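First, one chain by itself in structure tokens, the form predicted alone.
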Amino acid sequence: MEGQVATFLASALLVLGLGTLLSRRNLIWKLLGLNVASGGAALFLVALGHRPQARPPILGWGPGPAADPLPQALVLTAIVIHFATLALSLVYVIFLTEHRHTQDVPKLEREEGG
């Protein structure tokens, strides 16, 4: 049951983040939507690795199904990489805002094209 709830919440976060990414014009809002969608994807991967009644994979804890630590390790690595790229993106948005005096994506595209 917990895996189904986590999968539903992950899907909701993913849809909310992608909806924000597509519907907003401001770069900060777009980065926020991307961050929420990334969190939903990470939660989805952890939910897929959920095994009911699983114990930690430590030797000597007796028989039974053991939890697979690989999805959690991959998600932790993805979170760290996403944090670094988000920080770099925010620096770039601050640079753009100081030089172009806007965060509006269509206006930035018009200025770049013309």
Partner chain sequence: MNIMVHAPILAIAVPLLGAFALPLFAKVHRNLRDLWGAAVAGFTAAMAVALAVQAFTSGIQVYTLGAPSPTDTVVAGGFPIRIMLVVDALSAFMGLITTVLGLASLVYAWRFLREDQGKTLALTLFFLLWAGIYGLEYTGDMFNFFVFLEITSIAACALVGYRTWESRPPEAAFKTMALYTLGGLLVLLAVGILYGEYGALNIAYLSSKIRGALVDKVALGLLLGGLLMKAGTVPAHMWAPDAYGEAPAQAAIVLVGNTQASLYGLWRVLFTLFGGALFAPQVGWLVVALGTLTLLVAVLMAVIQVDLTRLIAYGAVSQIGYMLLGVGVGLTVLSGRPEFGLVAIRGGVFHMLNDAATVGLLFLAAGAVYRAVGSKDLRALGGLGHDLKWTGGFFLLGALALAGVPPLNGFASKILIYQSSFQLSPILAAIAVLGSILLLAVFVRAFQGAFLGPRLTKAEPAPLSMLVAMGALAVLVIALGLVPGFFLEHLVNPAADALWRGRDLYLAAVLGG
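Here the structure is a predicted model, which is why all the values come from computation and not from measurement. Numbering follows the first chain given and starts at 1.
Below, we refer to the form predicted in complex with its partner chain, which is not included among the displayed structures.
Chemist: Can you tell me whether residue 53 touches its partner chain? I mean in the model of the complex, with a 4.5 angstroms heavy atom cut-off.
Modeler: Residue 53: no contact with its partner chain in the model of the complex.
Chemist: State yes or no: in the model of the complex, is some non-hydrogen atom of residue 71 no more than 4.5 angstroms from a non-hydrogen atom of its partner chain?
Modeler: Because a heavy atom of residue 71 falls inside 4.5 Å of its partner chain in the model of the complex, the answer is yes.
Chemist: Even though its partner chain is not shown here, does residue 84 get within 4.5 Å of it in the model of the complex, heavy atoms only?
Modeler: Residue 84 belongs to the contact set for its partner chain.
Chemist: Report yes if any heavy atom of residue 88 sits within 4.5 Å of a heavy atom of its partner chain in the model of the complex; otherwise report no.
Modeler: Looking in the model of the complex, residue contacts with its partner chain include residue 88, since a heavy atom lies within 4.5 Å.
Chemist: Residue by residue through 21 to 36, which ones have a non-hydrogen atom no more than 4.5 angstroms from its partner chain in the model of the complex?
Modeler: Those in contact are 21, 27, 31, 34.
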